[in-house]
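Structure 1 and structure 2 below are the same protein chain in two forms, each given by itself as structure tokens.
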Structure 1
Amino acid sequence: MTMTPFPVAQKKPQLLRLHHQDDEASRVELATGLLAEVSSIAPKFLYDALGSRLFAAITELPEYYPTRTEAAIFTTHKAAMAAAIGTGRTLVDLGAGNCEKAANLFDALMPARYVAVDISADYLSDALDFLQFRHPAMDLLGIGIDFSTTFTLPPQADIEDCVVFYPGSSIGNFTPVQAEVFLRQIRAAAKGGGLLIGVDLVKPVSVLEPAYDDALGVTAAFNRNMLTISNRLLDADFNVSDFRHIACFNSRESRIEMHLEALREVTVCWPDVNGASTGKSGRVFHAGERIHTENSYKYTLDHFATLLHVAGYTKIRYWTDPNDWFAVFWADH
């Protein structure tokens, strides 16, 4: 007689919505950045629904090496990673998005629990529902929160002795000083846990710059879409055609910089915003003047290992691709 196994009862993912869009704060932040001596827009304003889709398209471009190179490192070395990290721990995924990067490690790390952290709770909700279907017995928790300035999670996260997963080289969006602070915050919050993090490495400019300025112009559209977002949030009157996308490697700072450069003299106006430091309601951009929109710092292996040591991690190892273009670090106490 053949026995039919009982189906595994499917759990339901939990979702905490802790981030709430503050439109007035966004207006003040945008106006303050635009009116600064060196005009800037924070990179978080790259991502609306269109911006997120454009970035997804960027990751498929032949010039954009980070996504596929990191994925190949995980494919090649995930057994060694599991041996170093251990199995059965809580996996905390920062900037989880669709959760696929973390899910691809489930077979190796066999997490007892998965905590997905992202600024967009709605995006997490759909991703976690699909992930729960694939892993019906796993405890799943989604936390919609902005961790870009301070890394703090609610008590429900319960991340003691966890594995914090921060792939995709997002650490490069912080200055090295900011990165050290952020890494210290992760170490303190994880209460004895470790960190599995993707880091983009220094490489020839002939490889770096095309990754941020592709031939099809997808990255240019991604960057210039920030002006459309600013128009919507700030009620500004940017004309996208007045600006061009610039991406260049600053060798002194070891970072890729993205800018929007005015093609001609143009005046941009917006309603007065309470809290804007100068009280102005617009700015003249001269031809060639730039709005700084994003940095992406590139590290050597030794530099990033030192940064981890300074942040308090003592056991550090890493895996790279054959070209040493990208690295995945495991840092523990």
Structure 2
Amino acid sequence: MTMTPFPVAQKKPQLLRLHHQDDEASRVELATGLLAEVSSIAPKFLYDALGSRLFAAITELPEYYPTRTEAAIFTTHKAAMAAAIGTGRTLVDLGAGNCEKAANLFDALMPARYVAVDISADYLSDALDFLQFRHPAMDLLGIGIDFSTTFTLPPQADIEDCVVFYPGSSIGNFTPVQAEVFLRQIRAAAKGGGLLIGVDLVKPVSVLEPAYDDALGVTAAFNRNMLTISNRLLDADFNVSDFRHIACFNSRESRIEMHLEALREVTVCWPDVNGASTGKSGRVFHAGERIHTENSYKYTLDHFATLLHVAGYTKIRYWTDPNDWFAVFWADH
């Protein structure tokens, strides 16, 4: 007798697009940053569909230790994490990217629902389609949103008592003061839920700097892609070959900084953007002048545990790798 496999209902992921990178507010933010005395572009502008793919490529590089170190921590301590966290809860993945890290935890955490949040909505949509193919019966919700100014998810997210997952040390893109505010907002929004968060730790500069300036130049391309994004959003005329990628460790601030440095004097123009504070529509970058594009703060275990406490979490535990290069914290209550 031949057995007919029990049919599994194939669900479809739902996607809510609540942010559009090309809206007026984004253009004003971009222009205002570029025109500031020390020019800057916020790291969220690294992620269009190409930027998201370049980041995925970075995670494969030998120099980029965070992804594989964090993955090894999950592999080693998955069972202990599941015992601490419990199973069958909603898993809310902040900055989900290709959703791979969360998907690798599905067997241990057995989430009832998966809510993936990311500013790069087209990339997220493709990632969720692929994930649904592998998990046909799971409820998947994607939310295309910018959570950098305030962490507010729509009611459909229904995140009460959920597990918030924030891997990859993306928390390091905020200053410690901003990080505390963000952690408080997460805690308030998840009402009784917990936070599983990956945090990069202080380590030798000889390990840190190559991770953000790899030999193949993938991180350089990722950083310089911001100029292409700026051209598209602002109708600006940056020439990417006028700028080089810089990554350096600022030990006083305990952070890797990424910059784009002008190789020669460059004049960049774009049409006026309504509301940009100076009313200018372009600027001159002198040779050696930099656009600050990303910070990635490196914490000690004590400093980050204190930050979680100050943000209101009372039950905190963590797991690390044998070198103490990276930590995964579970913060609850």
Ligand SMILES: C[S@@+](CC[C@H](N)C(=O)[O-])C[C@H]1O[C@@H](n2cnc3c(N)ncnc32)[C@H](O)[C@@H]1O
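Rigid core (definition): largest C-alpha set, two forms, superposition within 1.5 Å. Residue 1 is the first residue of structure 1, and the numbers go on in sequence order from there. Source: prediction; values computed, not measured.
In this comparison, the chain shown as structure 2 is the form predicted together with the named molecule. Core-aligned CA deviation for residue 324 between the two structures: less than 2 Å. The Cα position of residue 139 differs by 2 Å or more between the two structures after fitting on the rigid core.
Superposition on the rigid core between the two structures places the CA atom of residue 310 less than 2 Å from its counterpart. Superposed on the core, the two forms differ at residue 21, whose C-alpha moves 4.2 Å between the two structures. For residue 154, the displacement of the CA atom between the two structures, after superposition on the rigid core, amounts to 2.3 Å.
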